[in-house]
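The chain below stands alone, shown as structure tokens; this is the form predicted on its own.
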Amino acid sequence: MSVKTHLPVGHEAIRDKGLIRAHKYLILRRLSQTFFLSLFLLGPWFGIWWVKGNLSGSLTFEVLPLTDPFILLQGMVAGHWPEMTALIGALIVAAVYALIGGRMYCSWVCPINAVTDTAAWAHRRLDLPKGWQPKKNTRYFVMAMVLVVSALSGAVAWELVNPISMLHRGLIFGVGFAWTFVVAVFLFDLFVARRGWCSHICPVGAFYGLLGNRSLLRVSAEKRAACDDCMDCFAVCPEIHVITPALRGKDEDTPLILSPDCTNCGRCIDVCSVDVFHFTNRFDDTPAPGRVRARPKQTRKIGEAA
């Protein structure tokens, strides 16, 4: 195993590509998350009701309905048949994420992602142990339990504790109990389980991962032969297991990251100083040459740096 370095994650990328390019997709994601959140806050804050509702369900310009399909599913198993506008809204959202990647919702839209990313950054800076790591299938168990509780209670169970909705309420109504859930997620990721919430617990991420299982947009490690084992991509990836098959694969193995767990966040592209990764589509059959080991740079252990 390679030795651990105390150089900041992405140090080589910043040096070789510049500060902006080394954070391009991170910046775009924050702008995207801020944009969507701002649309919902324009009404309560400024009386500009272009969009009514929140990420669970909304109506844009009194014309376009959008519904979270996971919320719709909970309502249906709870015994509440939705109106046609809600069904149409759910179909629109489901079709979009089925095409571009379900977990893009997690990294490009969900405002809690900024909270968990901050916790992950603080975790690295404080050099904390990774802590308890729930099993990979835990979030699917939580998703199933949410549906069971919804069916038994006759209510949309997840909305009672959903930190996404709580963050929205907290921003509208100010300091209150809703912020407790948001702070709890941050502390959980910081001290209990590194990347624990989004990667292991959240049922919304589990649902959208299933929704985008065959999505078109993918990340490819097409230039994996140039990899110098700096390990920065593993350090920043919220789902590090998705990288290995594409990056460490044999000549005949696809360089595409095909796992539905991939959030298409683009951070592996940002921090790679030798541009191994790029966005493409799932039908990209460009062969990736086998790895030719160059003299490695200082590297960091996966478990210690992430």
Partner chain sequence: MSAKPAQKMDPARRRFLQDAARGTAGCAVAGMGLMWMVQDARALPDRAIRPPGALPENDFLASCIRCGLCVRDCPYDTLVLAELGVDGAATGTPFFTARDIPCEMCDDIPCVAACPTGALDKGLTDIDDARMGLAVLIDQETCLNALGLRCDVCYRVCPLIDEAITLERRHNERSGHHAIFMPTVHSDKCTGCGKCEKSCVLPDEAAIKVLPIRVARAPSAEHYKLGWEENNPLVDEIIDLPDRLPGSGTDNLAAPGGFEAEGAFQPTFKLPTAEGAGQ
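None of the values given here were measured: they were computed from a predicted structure. Numbering follows the first chain given and starts at 1.
Below: the form predicted in complex with its partner chain, not depicted.
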(request) State the residue from L187, I100, A155, L128 whose non-hydrogen atoms include one within 4.5 Å of its partner chain in the predicted bound form. (result) A155
(message) Going by heavy atom distances of 4.5 angstroms or less, which of T254, N54, N264, Q33 would be at the interface with its partner chain in the predicted bound form?
(response) N54
(request) Tell me whether P44, L59 and V142, taken together, all sit within 4.5 Å of its partner chain in the predicted bound form, counting heavy atoms only. (result) yes
(message) Is I172 near its partner chain? Define near as a heavy atom within 4.5 Å, in the predicted bound form.
(response) yes
(message) Since only the chain is shown here, I'm wondering whether F181 would be in contact with its partner chain in the predicted bound form (any heavy atom pair within 4.5 Å).
(response) yes
(request) Report whether the minimum heavy atom distance between C198 and its partner chain in the predicted bound form is within 4.5 Å. (result) no
(request) Would you please decide whether M166 lies within 4.5 angstroms of its partner chain in the predicted bound form, comparing each non-hydrogen atom pair? (result) yes
(request) Counting only non-hydrogen atoms, choose the one of 25-33, 59-67, 240-248, 267-275 that falls within 4.5 Å of its partner chain in the predicted bound form. (result) 59-67
